[in-house]
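Here's a solo chain for you in structure tokens, the form predicted alone.
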């Protein structure tokens, strides 16, 4: 490949899956001898030396790769460009999940979906984190699509806050559930609370649920606390919030099972994180989740609380099943080796000349 490949994204931020993915793509391209810079709508101060404003782009014979994840002014600007466009689609959550809880976010998501439709029809190539996302690009009329998973680098996951881990282990009395992900309605934390309440009532009064992740909607966050009180599990549910890498490692190290009942995911990196840490996964098989976990998790066709609770109880009671899930999960992580992802990316871009 002779032409430069420059990346454009709404926001470049640290400790963000799309931001890390963008930086990994840049390294892969530069290692292959391909010129590659990053242009962003906004850049966090920690990464200010890694990107320029998209307004500084002056044009040229280059391929422009746009990371679509939410509506923004950059998306409209991309639609005006005449350079070869590669659309890297990370999924845009359907806005109805935010209309009741964070309507301003819902508007941005609606804008993003509108922009996605315009860009998909003009892109020379659509890259998607998952087959689920690729199917959406196909439906929007993208000329050609390929699945290139989000770059995952397990080398970044080894940190453990030992003080936090000892505290979590010292207070253990029953099974410890974990879910990691931003607190937003599409993640269905409300259903997770109902499933946990059923498990605690039927199987393990001393079980705990750790909900780890930043807040996307304050209204939804407060509603979850009220629901926990209504269900009578408020003393066994910990709303942890955002954490450092070391604290996250402590929660994964201490957890007995990772439970995900999300309604909409474009990939869901925490599923792979849990497998890497050796935490068995029980998940509702919505959206991209079956494609992410493959055969390495218990994937449920529905998420009635009794069904989810019984599945978790199987994981806790059946040592052979637990061992098999942990082994299968670690094998699944190897499918997302960053060297393999880089090779797939370069192969797809090579077809553009």
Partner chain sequence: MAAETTPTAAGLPDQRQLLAEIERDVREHRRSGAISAEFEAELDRAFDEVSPPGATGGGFDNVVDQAARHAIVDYDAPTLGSTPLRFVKRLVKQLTAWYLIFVGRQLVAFAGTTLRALRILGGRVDELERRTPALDPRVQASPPPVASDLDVAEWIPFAIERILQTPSTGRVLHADCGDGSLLCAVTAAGIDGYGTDARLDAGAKADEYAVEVRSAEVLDHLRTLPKATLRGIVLTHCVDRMALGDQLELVGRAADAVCSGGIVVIVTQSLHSWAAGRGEIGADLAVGRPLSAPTWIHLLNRAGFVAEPAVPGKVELPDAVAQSSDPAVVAIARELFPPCTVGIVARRE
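Residue numbers count along the first chain shown, from 1. Quantities reported herein were computed from a predicted structural model and do not represent experimental measurements.
Keep in mind the form predicted together with the partner chain is missing from the figure; the text below concerns it.
Undergrad: Identify which of 168, 194, 78, 108 has a heavy atom within 4.5 Å of the partner chain in the predicted complex; exactly one of them does.
TA: In short, 194.
Undergrad: Out of 135, 73, 240, 223, which one falls within 4.5 Å of the partner chain in the predicted complex, going by heavy atoms?
TA: Filtering the options by heavy-atom distance leaves 223.
Undergrad: Do residue 131 and the partner chain come within 4.5 Å of each other in the predicted complex, heavy atoms counted?
TA: Answer no; every heavy atom of residue 131 is more than 4.5 Å from the partner chain in the predicted complex.
Undergrad: Is there a heavy atom of residue 291 no more than 4.5 Å from a heavy atom of the partner chain in the predicted complex?
TA: Result no; residue 291 lies far from the partner chain in the predicted complex.
Undergrad: Give a yes/no on whether residue 53 approaches the partner chain to within 4.5 Å in the predicted complex, heavy atoms considered.
TA: No, residue 53 is distant from the partner.
Undergrad: Given that the partner chain is not shown alongside this chain, does residue 41 nevertheless sit within 4.5 Å of it in the predicted complex, heavy atom to heavy atom?
TA: No - in the predicted complex, heavy atoms of residue 41 and the partner chain never come within 4.5 Å of each other.
Undergrad: Spot the stretch among 171-179, 251-259, 207-215, 93-101 with residues whose non-hydrogen atoms come within 4.5 Å of the partner chain in the predicted complex.
TA: Selected stretch: 93-101.
Undergrad: Check for me whether the partner chain, as it appears in the predicted complex, comes within 4.5 angstroms of all of 46, 121 and 150 - heavy atoms only.
TA: Not a single residue of the candidate spot has a heavy atom within 4.5 Å of the partner chain in the predicted complex.
Undergrad: At a 4.5 angstroms cut-off on non-hydrogen atoms, which residues of 179-217 are near the partner chain in the predicted complex? List them in order.
TA: Contacting residues: 190, 194, 197, 198, 201, 202, 203.
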